[in-house]
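Given next, in C-alpha coordinates, is a single chain: the form predicted alone.
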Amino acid sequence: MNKEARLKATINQKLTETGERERLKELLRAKLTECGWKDQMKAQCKEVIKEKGLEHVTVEDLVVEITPKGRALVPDSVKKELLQRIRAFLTQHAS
(Lines give C-alpha, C1' and ligand atoms only; values in the text may rest on other atoms or scores of the structure.)
Protein backbone atom coordinates (compact mmCIF):
# COMPACT_ATOMS: atom_id res chain seq x y z
CA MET A 1 0.00 0.00 0.00
CA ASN A 2 1.43 3.39 -0.92
CA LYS A 3 1.84 6.27 1.53
CA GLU A 4 -1.27 8.14 0.35
CA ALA A 5 -3.46 5.05 0.69
CA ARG A 6 -2.13 4.39 4.20
CA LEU A 7 -2.82 8.00 5.18
CA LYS A 8 -6.39 7.81 3.85
CA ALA A 9 -6.96 4.55 5.71
CA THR A 10 -5.62 6.04 8.94
CA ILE A 11 -7.79 9.16 8.62
CA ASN A 12 -10.86 7.06 7.82
CA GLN A 13 -10.18 4.83 10.82
CA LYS A 14 -9.83 7.84 13.14
CA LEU A 15 -13.03 9.41 11.77
CA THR A 16 -14.88 6.13 12.34
CA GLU A 17 -13.46 5.46 15.82
CA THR A 18 -14.41 8.90 17.10
CA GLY A 19 -17.89 8.87 15.57
CA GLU A 20 -17.02 11.92 13.48
CA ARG A 21 -17.64 10.04 10.24
CA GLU A 22 -21.29 9.44 11.20
CA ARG A 23 -21.70 13.07 12.29
CA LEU A 24 -20.30 14.26 8.96
CA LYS A 25 -22.61 11.91 7.06
CA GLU A 26 -25.63 13.24 8.96
CA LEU A 27 -24.55 16.82 8.29
CA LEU A 28 -24.16 16.03 4.59
CA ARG A 29 -27.60 14.42 4.42
CA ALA A 30 -29.19 17.43 6.11
CA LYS A 31 -27.40 19.95 3.89
CA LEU A 32 -28.25 18.07 0.70
CA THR A 33 -31.91 17.85 1.68
CA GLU A 34 -31.93 21.52 2.69
CA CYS A 35 -30.54 22.72 -0.66
CA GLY A 36 -32.92 20.58 -2.74
CA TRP A 37 -30.25 18.17 -3.99
CA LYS A 38 -32.22 15.14 -2.83
CA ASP A 39 -35.30 16.27 -4.78
CA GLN A 40 -33.18 16.90 -7.88
CA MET A 41 -31.75 13.40 -7.68
CA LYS A 42 -35.20 11.90 -7.23
CA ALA A 43 -36.33 13.76 -10.36
CA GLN A 44 -33.27 12.50 -12.26
CA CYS A 45 -34.12 8.92 -11.29
CA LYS A 46 -37.71 9.34 -12.40
CA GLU A 47 -36.54 10.77 -15.73
CA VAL A 48 -34.19 7.83 -16.38
CA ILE A 49 -36.95 5.35 -15.50
CA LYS A 50 -39.40 7.21 -17.75
CA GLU A 51 -36.92 7.17 -20.67
CA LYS A 52 -35.90 3.52 -20.38
CA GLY A 53 -39.01 1.98 -18.88
CA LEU A 54 -39.31 0.54 -15.39
CA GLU A 55 -38.81 -3.03 -16.56
CA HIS A 56 -35.53 -2.10 -18.31
CA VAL A 57 -33.80 -0.29 -15.44
CA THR A 58 -31.95 -1.79 -12.50
CA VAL A 59 -30.73 -0.02 -9.40
CA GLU A 60 -27.18 -0.44 -10.72
CA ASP A 61 -28.19 1.27 -13.99
CA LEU A 62 -29.60 4.20 -12.04
CA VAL A 63 -26.50 4.52 -9.89
CA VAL A 64 -24.18 4.48 -12.90
CA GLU A 65 -26.27 7.02 -14.79
CA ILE A 66 -27.00 9.55 -12.05
CA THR A 67 -23.81 9.42 -9.96
CA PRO A 68 -21.87 11.90 -12.13
CA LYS A 69 -24.85 14.26 -12.19
CA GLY A 70 -25.29 13.89 -8.45
CA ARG A 71 -21.67 14.76 -7.72
CA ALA A 72 -21.82 17.76 -10.03
CA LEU A 73 -24.99 19.05 -8.35
CA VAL A 74 -23.54 19.14 -4.81
CA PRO A 75 -23.22 22.85 -4.02
CA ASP A 76 -19.71 24.19 -3.51
CA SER A 77 -20.77 25.62 -0.15
CA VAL A 78 -21.60 22.12 1.10
CA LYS A 79 -18.29 20.73 -0.16
CA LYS A 80 -16.39 23.61 1.49
CA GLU A 81 -18.16 23.17 4.82
CA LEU A 82 -17.40 19.44 4.93
CA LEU A 83 -13.79 20.05 3.97
CA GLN A 84 -13.44 22.67 6.72
CA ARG A 85 -14.86 20.28 9.28
CA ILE A 86 -12.55 17.48 8.20
CA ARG A 87 -9.55 19.81 8.34
CA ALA A 88 -10.56 21.00 11.82
CA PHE A 89 -10.93 17.40 12.93
CA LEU A 90 -7.51 16.49 11.55
CA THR A 91 -5.90 19.51 13.21
CA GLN A 92 -7.52 18.62 16.51
CA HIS A 93 -6.50 14.93 16.31
CA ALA A 94 -3.07 15.30 14.73
CA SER A 95 -0.55 13.03 16.35
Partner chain sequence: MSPAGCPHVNGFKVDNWKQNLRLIYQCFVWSGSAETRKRKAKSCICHMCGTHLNRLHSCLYCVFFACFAKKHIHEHAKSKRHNLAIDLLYGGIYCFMCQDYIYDKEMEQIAKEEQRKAWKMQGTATQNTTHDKPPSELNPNGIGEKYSTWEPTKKELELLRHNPKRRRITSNCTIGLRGLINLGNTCFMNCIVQALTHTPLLRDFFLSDRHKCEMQSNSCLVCEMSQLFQEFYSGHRSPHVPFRLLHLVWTHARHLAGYEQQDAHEFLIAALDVLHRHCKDDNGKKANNPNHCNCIIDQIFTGGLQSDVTCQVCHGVSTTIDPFWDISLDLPGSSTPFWPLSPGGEVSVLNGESHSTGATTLMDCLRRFTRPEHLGSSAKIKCSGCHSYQESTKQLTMKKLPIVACFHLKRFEHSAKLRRKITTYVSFPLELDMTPFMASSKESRMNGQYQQTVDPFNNDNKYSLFAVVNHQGTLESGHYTTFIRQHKDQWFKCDDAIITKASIKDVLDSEGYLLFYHKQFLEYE
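Given the structure is predicted, the values throughout are model-derived calculations rather than measurements. Residue numbers count along the first chain shown, from 1.
Absent from the display: the form predicted together with its partner chain. The rest refers to it.
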task: Evaluate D39 for contact with its partner chain in the predicted complex, applying a 4.5 angstroms cut-off between non-hydrogen atoms, and reply yes or no.
output: yes
query: Heavy atoms within 4.5 Å of its partner chain in the predicted complex: does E51 have any?
result: no
message: Could you pull out the residues of 24 to 50 that have any heavy atom within 4.5 Å of its partner chain in the predicted complex?
response: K25, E26, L27, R29, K31, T33, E34, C35, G36, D39
